Ligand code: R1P
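Next up: just one chain, as structure tokens, the form predicted on its own.
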Amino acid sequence: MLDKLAASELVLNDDGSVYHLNLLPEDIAEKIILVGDPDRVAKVSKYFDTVEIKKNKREFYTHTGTLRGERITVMSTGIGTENIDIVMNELDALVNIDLKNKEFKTDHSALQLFRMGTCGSVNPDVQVDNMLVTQNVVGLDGLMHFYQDYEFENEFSKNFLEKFPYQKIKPMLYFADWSEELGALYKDAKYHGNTATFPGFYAPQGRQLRLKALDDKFLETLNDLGVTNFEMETSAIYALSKLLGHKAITVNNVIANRRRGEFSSDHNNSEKNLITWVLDRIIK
């Protein structure tokens, strides 16, 4: 057990809320939906039966209410694993640290985290406007190498590491997988796959404007290594959940197939279908 946390380690606002999320422990539910876009928070919470909490700071918007008699939270994370690092640590602090005394609680609380997002596919056989649940994930951003005691290995990770050809990127890789318990809620998804979490939108995802990407065949290579789709947050959510003792699942709506050059013809309808499909299974 560590001594009391220093003010510079656990930074709080004047009202005692965690620094970036601007939340108090009573502001969140055990079940939390994570979305990237702040505008999507209200699009989700409009399906709640009640909304009791509405708070925001920077890109972090939070609504908490009830759905079919159970408390539930939806929160925006912004883009990227660097934001997820903030969100995961501060959510954990809300339930596992006594903020007033800045001490670790004796009893651990486990959150259930549901990432609801959009993604692109690198598999030419995956059809757009369908749900894809992430079973395994590889992070190409290096985040977990800054944390002690994180180790994860399974058949997907071993095969990926053995065959991954880009030596400059290889040291940054880390892996994680889903919560099987939460995954069981979405067993009827059209696709279950292996996700790559990228540290950027352009070259890391093979896009080229004025700057050349590392390799024109990068996405194709990832598909050959078993990757189904890509986005920018899941690896940090899954890995930090494992390290902190929470449960996490990512449900993606496939809006683009990069290998076929296809994009959803009705992105707004796809987003609505994603929201209702996820909510129907979180709370029966």
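On a predicted model such as this, the values are computed, not experimentally measured, just so you know. Note that residue numbering begins at 1 and tracks the sequence as displayed.
Here the subject shifts to the form predicted in complex with the named molecule, a form of this protein not shown in this document.
Novice: Using heavy atoms and a 4.5 Å cut-off, decide whether 40, 201 and 233 all contact the named molecule in the predicted complex.
Specialist: Yes: each residue has a heavy atom within 4.5 Å of the partner.
Novice: Give a yes/no on whether residue 135 approaches the named molecule to within 4.5 Å in the predicted complex, heavy atoms considered.
Specialist: Flag for residue 135 set to no.
Novice: Counting only non-hydrogen atoms and a 4.5 angstroms cut-off, does residue 143 reach the named molecule in the predicted complex?
Specialist: Contact check for residue 143: no, nothing within 4.5 Å of the named molecule in the predicted complex.
Novice: Find out whether any non-hydrogen atom of residue 35 is located within 4.5 angstroms of the named molecule in the predicted complex, and reply yes or no.
Specialist: Heavy-atom contact with the named molecule at 4.5 Å: present for residue 35.
Novice: Evaluate residue 79 for contact with the named molecule in the predicted complex, applying a 4.5 angstroms cut-off between non-hydrogen atoms, and reply yes or no.
Specialist: Yes.
Novice: Of 111, 93, 87, 116, which one comes within 4.5 Å of the named molecule in the predicted complex, counting heavy atoms only?
Specialist: Filtering the options by heavy-atom distance leaves 116.
Novice: Which single stretch, out of 183-191, 116-124, 100-108, 167-175, brings residue heavy atoms within 4.5 Å of the named molecule in the predicted complex?
Specialist: Looking at the other structure, the answer is 116-124.
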